[in-house]
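Next up is one chain by itself, shown in structure tokens, the form predicted on its own.
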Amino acid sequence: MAGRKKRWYTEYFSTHSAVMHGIEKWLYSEVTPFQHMELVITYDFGKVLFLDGKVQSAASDEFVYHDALVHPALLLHPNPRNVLIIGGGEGATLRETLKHDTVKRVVMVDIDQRVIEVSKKMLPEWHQGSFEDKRSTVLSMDGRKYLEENEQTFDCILVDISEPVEDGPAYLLFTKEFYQIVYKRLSPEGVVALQAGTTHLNDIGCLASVYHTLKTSFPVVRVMETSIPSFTLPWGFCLASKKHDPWKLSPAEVDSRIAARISSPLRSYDGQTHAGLFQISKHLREAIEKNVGIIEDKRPFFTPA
């Protein structure tokens, strides 16, 4: 009976499935010009940021997500000096990027200034002062527009955006046209990494489509999979490169590069983790290959709102 008196947050995955999060405390809610932002404290995952009704980041396990997004890409590049982050408003992607001693400049571009402002104030555990780092330049504008209007190149581009929800701010950053722009703005050995949706077999369309769409621009495209408990579903990332293949990095080589480039400890990622991220099961590989879809500006992909 006591459980029924709790406040619950229902996160919908589709019209047929959802998960309920028990809420200990409601911290903040705002409808920004781009999305609905909510910050709560849950019983299971601690402080959680929701965007448009979906878990974006949770205190208990955000490091798993951000380690997977950032470190395989930056360590694959032989000398990443200039990095672009698209999205990542809570500052954790920026935090992890700045751990790399080779990195001399990071430009972070997030469309929603309010997410940045609220995160600076209410999510210090996430950004840990990274917004004030002298190597950081933080801009509030559309990431695609930024790439279209600036001809500078980057060694790594990290795309840390929400799912492509219809009428949301992100869906045009999953298309073939966008990845063509990304390719042009990468240096000759450039790498891009992005979250690509769940690897759940009943909802593989986003990940599979992102994978095949990236292959229209990049010679090397690999899928990573990891478990992020607050997301409930298993989660996928894509890493694409102009030259280097993460499959060819041995655990020993990954550990060697971490020791040479990163002085701060990593909570989730090391050589053994690297090998596991790219070990995709047979049934998942087959499902990705069967779900061949190319995302285009005129034919976008939408996940359920």
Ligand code: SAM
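The first residue of the sequence shown is number 1, and the count goes up from there. Note that the structure is predicted; figures quoted are calculated from it, not measured.
The next section is about a form of this same protein that is not shown, the form predicted in complex with the named molecule.
Peer 1: Though the named molecule is not shown, can you say which of Leu201, Met122, Met141, Leu233 has a heavy atom within 4.5 Å of it in the predicted complex?
Peer 2: Contact with the named molecule in the predicted complex is made by Met141 alone.
Peer 1: Between Ala193, Leu214, Ile86, Met224, only one gets a heavy atom within 4.5 angstroms of the named molecule in the predicted complex; which residue is that?
Peer 2: Looking at Ala193, Leu214, Ile86, Met224 one by one, just Ile86 meets the 4.5 Å heavy-atom criterion.
Peer 1: Mark Cys156 yes when one of its heavy atoms lies within 4.5 Å of a heavy atom of the named molecule in the predicted complex, and no otherwise.
Peer 2: The answer is no: Cys156 has no heavy atom within 4.5 Å of the named molecule.
Peer 1: If we define contact as a non-hydrogen atom of the residue within 4.5 angstroms of the partner, is Val109 a contact of the named molecule in the predicted complex?
Peer 2: Residue-level check for Val109: yes, a contact with the named molecule.
Peer 1: Val115 near the named molecule in the predicted complex, any heavy atom under 4.5 Å?
Peer 2: Contact with the named molecule, yes.
Peer 1: Is there a heavy atom of Glu90 lying 4.5 Å or less from a heavy atom of the named molecule in the predicted complex?
Peer 2: Taking the distances in the predicted complex, the answer for Glu90 is yes, it comes within 4.5 Å of the named molecule.
Peer 1: Quick one: find which of 276 to 284, 260 to 268, 247 to 255, 51 to 59 has residues within 4.5 Å of the named molecule in the predicted complex by heavy atom distance.
Peer 2: Stretch 51 to 59 is the one.
Peer 1: With the partner left out here, which residues of 143 to 173 have a non-hydrogen atom within 4.5 Å of the named molecule in the predicted complex?
Peer 2: Heavy-atom contacts to the named molecule in the predicted complex: Gly143, Asp160, Ile161, Ser162, Glu163, Pro169, Ala170, Leu173.
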